[in-house]
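Here we start with a single chain on its own, the form predicted on its own, put down as structure tokens.
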């Protein structure tokens, strides 16, 4: 079984892509329950697998000590796919879905960083076969990130510019996930694009939105996941954004950071929504912080379109 990271800064479409992939296993016209994804759709920073494979209670370790061990854990999981195959087969039997996928897609919010020992945190080619790097216009990420964290947009913009940005990094509580060093939005993207350990497929959220079937087909081809075109089109239909929103409204979504807050995880799902959500000052801040990477990814800057007046 191959392993492919689905790597992204938060609120860039990672969960939607995982829902699309999960629905490849669906039969008939019944979509996969958003709260019951296949077991291979895990996250690389899960605390439970770390504790299970190391036989160490991670809460007793420092963040750096955990990071020192994470490559070993990911190497072991990669080299021993038998348990993942067994879990996938059990899921298929219980859910009435079809087949065992040839590829294990794993969500990653970590930037591609090195441990203090100089090792790739995610174990390089000993941890995965490649990575789909999913990016989104940071002007659309900012309001979605603010909604996700229940903060103001200005705070979200500041967090996205913070080169020490991390999830689950507080020391006064223990999370279900290990610390994830994300860095700033620009540094996160650069860390994945500039590493040379793994082959990558760069996927812009806007491309996934404009041609979902085509983008999904490219992801599957990159991952050596062979499936029939009719399954791809059915997955797109079953995982359309309106369906995900309806399921969340009916029964909540357990991956939401605060399921009882009333903030929807599946919020708008559009491209260019920033035009009616951000002030001109907020747009200017985001472009000042991330303009170089935005241009590298092909995003057009408002500031570039502004006329220059000679004095």
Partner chain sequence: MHRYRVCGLTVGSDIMLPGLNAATSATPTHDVTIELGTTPTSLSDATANGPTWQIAGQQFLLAIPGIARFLLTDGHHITVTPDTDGDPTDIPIFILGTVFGILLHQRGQIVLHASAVRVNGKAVLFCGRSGSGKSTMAAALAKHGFPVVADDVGAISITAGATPTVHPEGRHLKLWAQAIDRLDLAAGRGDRVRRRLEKYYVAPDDVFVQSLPLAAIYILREARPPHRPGIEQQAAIDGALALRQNAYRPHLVNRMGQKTDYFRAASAIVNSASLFTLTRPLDFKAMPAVIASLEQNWQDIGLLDKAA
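Residue numbers count along the first chain shown, from 1. Remember, predicted model here, so these are calculated numbers, not experimental data.
Omitted here: the form predicted in complex with the partner chain. The next part is about that form.
Using a 4.5 Å cut-off to the partner chain in the predicted bound form, not one of 196, 226 and 229 places a heavy atom inside that distance. Using a 4.5 Å cutoff between non-hydrogen atoms, residue 251 counts as a contact of the partner chain in the predicted bound form.
Mapping the unseen interface onto this chain, residue 62 counts among the residues with a heavy atom inside 4.5 Å of the partner chain in the predicted bound form. Using a 4.5 angstroms threshold between heavy atoms, residue 35 counts as touching the partner chain in the predicted bound form. For residue 284, no non-hydrogen atom is located within 4.5 Å of the partner chain in the predicted bound form, even though that partner is not displayed. Contact with the partner chain in the predicted bound form, judged by any heavy atom within 4.5 Å, is made by just one of 271, 69, 278, 43: 69. Of the candidate stretches 183-191, 198-206, 134-142, 166-174, only 166-174 has residues with heavy atoms within 4.5 Å of the partner chain in the predicted bound form. Using a 4.5 Å cut-off on any heavy atom, the residues of 50-78 that reach the partner chain in the predicted bound form are, in sequence order, 51, 52, 53, 54, 55, 56, 57, 59, 60, 61, 62, 65, 69, 72, 73, 76.
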